[in-house]
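For reference, the chain that follows is the form predicted on its own, supplied as C-alpha cells.
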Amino acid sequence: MPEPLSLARRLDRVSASQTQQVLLAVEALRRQGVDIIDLGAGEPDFPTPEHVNAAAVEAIAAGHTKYTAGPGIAPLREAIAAHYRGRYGIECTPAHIVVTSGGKQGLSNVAMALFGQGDEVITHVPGWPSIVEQIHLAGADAVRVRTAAEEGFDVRADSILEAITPRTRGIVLNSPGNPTGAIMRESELSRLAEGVAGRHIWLILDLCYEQLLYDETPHNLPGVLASRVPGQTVLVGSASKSYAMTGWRCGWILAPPAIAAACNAVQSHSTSHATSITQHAALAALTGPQTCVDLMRDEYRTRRDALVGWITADDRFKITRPAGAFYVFPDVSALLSPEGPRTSSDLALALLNDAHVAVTPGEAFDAPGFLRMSYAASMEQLHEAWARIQRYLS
C-alpha cells in the first residue's frame, strides 16, 4: 500500500480544541438518552434577544442576503465605533474596524496579519487555548506567562515584561479571562503599555466578555491603551457572550487603519465577510435596548455567588472568586490520587460518565489540577449539578 499522505507541518504544533471535545461527548451521550447537565459550555444559556432575532428576519425579508463589503456593512462598523466611543471614550472610525465571523476569527486574522516565523508572542495562562494555537498557526512561537490562583490569576505587568526578548512581536491579553474570570487591572496594563511604548511589539486585547463584569472594578483597558500606545493597540470584540449570539458568529477588530486593512486582506481570502444577516442582527444588538444585557449580567452574578458559596463550603476545593465572564475555576488537586482519578482530565471524564455532569478539565487551559465549570446554566441546573457532583465524591 502507498504511504499515507502527510499533513502540513504547521499542524504538528496545533492541538484540537478540548472544549469542543467536551461538547461532542455531551452530544453523543444525549443522543443515547443520558440526562447530562452541561457546565462545560462556553456560551450563554439565554436565548438571543427578540429584537435581535427580529432584525435578522427583517434583513432576510429586505433581501440583505448578498455579499457585503469585506470589512462589514457601514452601519455596523459605525455602531461598533460608537460603542467603544461611548463605553471607553476612545475615538475610532469605520476605517479602524473589520467585522469578523466571531471573535475567534478576529484574533486569528490579527495573528496571521502581524506574526510569522521566528516571532515570539506572549500570552497568559491559564488561558483560552485558541490564542496559543492561533499563534502557532501563524508560524510564531507562543510564550506562556503563568498567573497564580493565590493571586486571583491577576496578570502582572512585571511578569509580562520579564518575558520579552528581542524576538517578541506581540502580547495577547484576555480580560475578563477564560477560564478564570479574572480581570487585568488598569494600573497593571498602564505599566505594561509604558514598558512596550515605542518598541516593535503589538498589544492585542481580547474583550470577548467585556460586558460581563460583576463588581465595581475599573476596567477601561481600551482607554488605557488608547492614551499610551494607540499605534500599537489592537482590540478584538464579539457579540457572542454579551448578546447571547454565539451561533450567529459575529466579532470585530479595532486597529490602526493599516492593520485593519491587513486583517481584511487575510479575511478576504478565507470567509470574505461575516454573514450578511448576522451583521444586521449585530447592528440591532449594539444599537437597540441594552436591558437584555443588564438582565443577563444580573442573573449571572446571582448564579456566580451561589456556586462560589457551595464550592467554598467544601474544603476539598480551592476557589478564587471570578470578577467576570461566566466560569468558576476551582483547584481540585485534593480530589486526585493514585487510587482514584489521577488527573483533572480523569476527574472530568468520571463526572461526565458517572455523575452525568459535563465540566472542562484544566488541561484544556494549560492548568492541570483545575476544572472549569460554567454558570451559564439555570439555577436549578446548577443546584442539581452540584448535588450530583457531591454524590459522586461521597
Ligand SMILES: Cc1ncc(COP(=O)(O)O)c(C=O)c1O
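Everything quoted here is computed from the prediction, not taken from an experiment. Numbers follow the displayed sequence, beginning with 1.
Omitted from view is the form predicted in complex with the ligand, to which the following refers.
> Would I90 count as a contact of the ligand in the predicted bound form, using a 4.5 angstroms cut-off between non-hydrogen atoms?
Replying inline: Outside the cut-off, so no.
> Any chance A182 has a heavy atom within 4.5 Å of the ligand in the predicted bound form?
Replying inline: Outside the cut-off, so no.
> Counting only non-hydrogen atoms and a 4.5 angstroms cut-off, does G170 reach the ligand in the predicted bound form?
Replying inline: No, no contact at 4.5 Å.
> Does K104 make contact with the ligand in the predicted bound form, using a 4.5 Å heavy atom cut-off?
Replying inline: It does: once the ligand is placed as it appears in the predicted bound form, K104 has a heavy atom within 4.5 Å of it.
> If we take heavy atoms and a 4.5 Å cut-off, which stretch out of 312-320, 239-247, 68-76, 256-264 is in contact with the ligand in the predicted bound form?
Replying inline: This holds for exactly one stretch, 239-247.
> Of these, C208, A274, V110, A282, which has a heavy atom no more than 4.5 Å from the ligand in the predicted bound form?
Replying inline: Exactly one residue meets the criterion: C208.
>> Going by heavy atom distances of 4.5 angstroms or less, which of Y300, W202, W128, Y84 would be at the interface with the ligand in the predicted bound form?
In response: Looking at Y300, W202, W128, Y84 one by one, just W128 meets the 4.5 Å heavy-atom criterion.
> For 339-363: residues with a non-hydrogen atom within 4.5 angstroms of the ligand in the predicted bound form?
Replying inline: Stretch hits: zero.
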